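Okay, here we've got a single chain as structure tokens, the form predicted alone, with questions on binding and movement later.
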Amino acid sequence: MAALCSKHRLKHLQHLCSFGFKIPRRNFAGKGKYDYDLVVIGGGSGGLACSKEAAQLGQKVAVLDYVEASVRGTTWGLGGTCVNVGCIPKKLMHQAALLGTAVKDAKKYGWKIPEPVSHDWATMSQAVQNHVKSLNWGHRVQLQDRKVKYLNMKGSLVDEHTIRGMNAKGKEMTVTARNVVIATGGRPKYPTHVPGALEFGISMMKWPHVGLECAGFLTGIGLDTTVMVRSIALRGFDQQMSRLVTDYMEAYGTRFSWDAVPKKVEKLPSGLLQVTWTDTQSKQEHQDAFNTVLWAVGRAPETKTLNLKQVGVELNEDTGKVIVAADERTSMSNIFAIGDIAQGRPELTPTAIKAGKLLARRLAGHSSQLMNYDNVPTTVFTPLEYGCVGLSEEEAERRCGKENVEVYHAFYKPLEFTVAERDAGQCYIKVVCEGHGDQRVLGLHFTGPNAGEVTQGFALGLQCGFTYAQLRDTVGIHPTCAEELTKINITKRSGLDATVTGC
């Protein structure tokens, strides 16, 4: 669990399985027996991608999307988590923080910048919201252009072919569909066992990195920020890389309270929020006061109101997510689930989008291609970005045995850091390979500027099964950070100094 607390007022921030399939109870046959060929419940990245692709392939499609207000009363438009309260606003705020660092660097490059330099939250917030609203509108226009029926209604299943929709005023309607796709995603959780958490905290979406990303950009725009970490940061990621990320953040100004479990949140007469937590190592209690408390403790799948169990859709008892086969099919032969709501799928926008498009093509009879969930690249947009694709060093050793894994690594200094005299101690590259034969690359990890851009390109190589020799045969683009990957030649096993020297 990671609880993130900022000491400044941020009121604007509130803003693969197999099944024995059941025989359908209703026996429709022939086109025209249903209102739609496909109904998608959920208007996030995956649902929209699936619906638009299906319509483009000649299917009659409807999308039901409805956003329940958060505990704080916040709602948003069409597009789901990514567009409204996830990837897009997060990346823009990350960019705001990077610009703050760039202003400091600029002085060393000869720019005369009047002091003091300050950041205005309201200006940034309004600009970000304006862009988000433009995306909301864009999605609605695209649905209309592709003749997808958009229903701003909360959807649930009556049976495997019938969907009930209810609007904000409680008015109901039902539609029928040959196939149904569930793409409702998840909503952030509160640690309700912590007194005061619900009353005084703000929840946010969480994959293992979101708490760190938020802490990073809040620090970057000048806010005093502390991250509470119950055990480890970036669970599921390579832990050496994780430590480099948090080490950089600490040097950057973000404070960390490790091995901390929040116990209660109380509002003081001053209006500040007093957080009490326990150190799991020393068992001692600690307290501090903050203006704002953000919870990044996970999310729950939006399955409870869909009536899934009643129509025969199997859920994972522990997570509440929908159990799916390799083709995204649930335990009901005509009901499918994609994105964050599907058990065992990466909680990433690009995988939901691609899975949705491929599913639409299969349902329309245009393809039999399944989604490949292996070697999906991703990036953590912390102050020092971390991009990765493939296996972590730990996972490679677990699967192959430590003696059968060779790790090439390097510490490098980005050219941009030199004149600015920035510390590059955590700028690091690691390529995890098979230890024998052609040394196929199993995983690639990069911390440094523009990590997402660097990782995206090398992800293609990993998807194609490239080898260490092919990586070394690639001509780098000079001078870039990415070219250091083509020059990497020192193994961890050798014990040699892996610091890059020269240009």
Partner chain sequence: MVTLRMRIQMLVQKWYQVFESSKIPQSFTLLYDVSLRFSKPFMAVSHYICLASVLENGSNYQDLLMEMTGQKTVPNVFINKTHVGGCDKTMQAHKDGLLQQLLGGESEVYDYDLIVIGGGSGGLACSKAAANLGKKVMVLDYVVPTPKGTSWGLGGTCVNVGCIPKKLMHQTALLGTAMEDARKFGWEFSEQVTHNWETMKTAVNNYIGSLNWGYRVSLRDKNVNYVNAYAEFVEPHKIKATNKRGKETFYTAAKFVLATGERPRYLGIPGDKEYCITSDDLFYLSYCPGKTLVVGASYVALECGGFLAGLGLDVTVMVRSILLRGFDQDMANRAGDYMETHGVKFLKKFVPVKVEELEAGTPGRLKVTAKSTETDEVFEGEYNTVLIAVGRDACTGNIGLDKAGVKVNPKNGKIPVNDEEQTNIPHIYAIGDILEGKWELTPVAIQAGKLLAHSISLKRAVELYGQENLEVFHSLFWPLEYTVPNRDNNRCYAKIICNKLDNDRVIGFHYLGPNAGEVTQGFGTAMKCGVTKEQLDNTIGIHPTCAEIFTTMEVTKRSGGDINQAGC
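Because the structure is a prediction, the values reported are computed rather than measured. Positions refer to the first chain, counted from 1.
Beyond the structure shown, there is the form predicted in complex with the partner chain, which is absent from this document and is the topic of what follows.
Student: Report the stretch among 297-305, 131-139, 190-198, 241-249 that approaches the partner chain in the predicted bound form to within 4.5 Å, counting heavy atoms only.
Tutor: Among the listed stretches, the partner-contacting one is 131-139.
Student: Check for me whether the partner chain, as it appears in the predicted bound form, comes within 4.5 angstroms of all of 109, 379 and 480 - heavy atoms only.
Tutor: Heavy-atom distance to the partner chain in the predicted bound form: all three under 4.5 Å.
Student: Is residue 351 part of the interface with the partner chain in the predicted bound form - any heavy atom within 4.5 Å?
Tutor: Heavy-atom contact with the partner chain at 4.5 Å: present for residue 351.
Student: Within a 4.5 Å heavy atom cut-off, is residue 473 in contact with the partner chain in the predicted bound form?
Tutor: The answer is yes: residue 473 has a heavy atom within 4.5 Å of the partner chain.
Student: Tell me, yes or no, whether residue 464 is in contact with the partner chain in the predicted bound form, where a contact means a heavy atom of each within 4.5 Å.
Tutor: Residue 464: yes, in contact with the partner chain in the predicted bound form.
Student: Report whether the minimum heavy atom distance between residue 220 and the partner chain in the predicted bound form is within 4.5 Å.
Tutor: It does: once the partner chain is placed as it appears in the predicted bound form, residue 220 has a heavy atom within 4.5 Å of it.
Student: To verify the annotation, which of these, 345, 321, 329, 357, has a non-hydrogen atom within 4.5 Å of the partner chain in the predicted bound form?
Tutor: That would be 357.
Student: Just give me the single entry in 369, 174, 284, 144 that has a non-hydrogen atom within 4.5 angstroms of the partner chain in the predicted bound form.
Tutor: Exactly one residue meets the criterion: 369.
Student: Is any part of 76-103 within 4.5 angstroms of the partner chain in the predicted bound form by a non-hydrogen atom, and which residues would that be?
Tutor: The stretch touches the partner through 82, 83, 87, 88, 91, 92, 95, 96, 99, 100, 102, 103.
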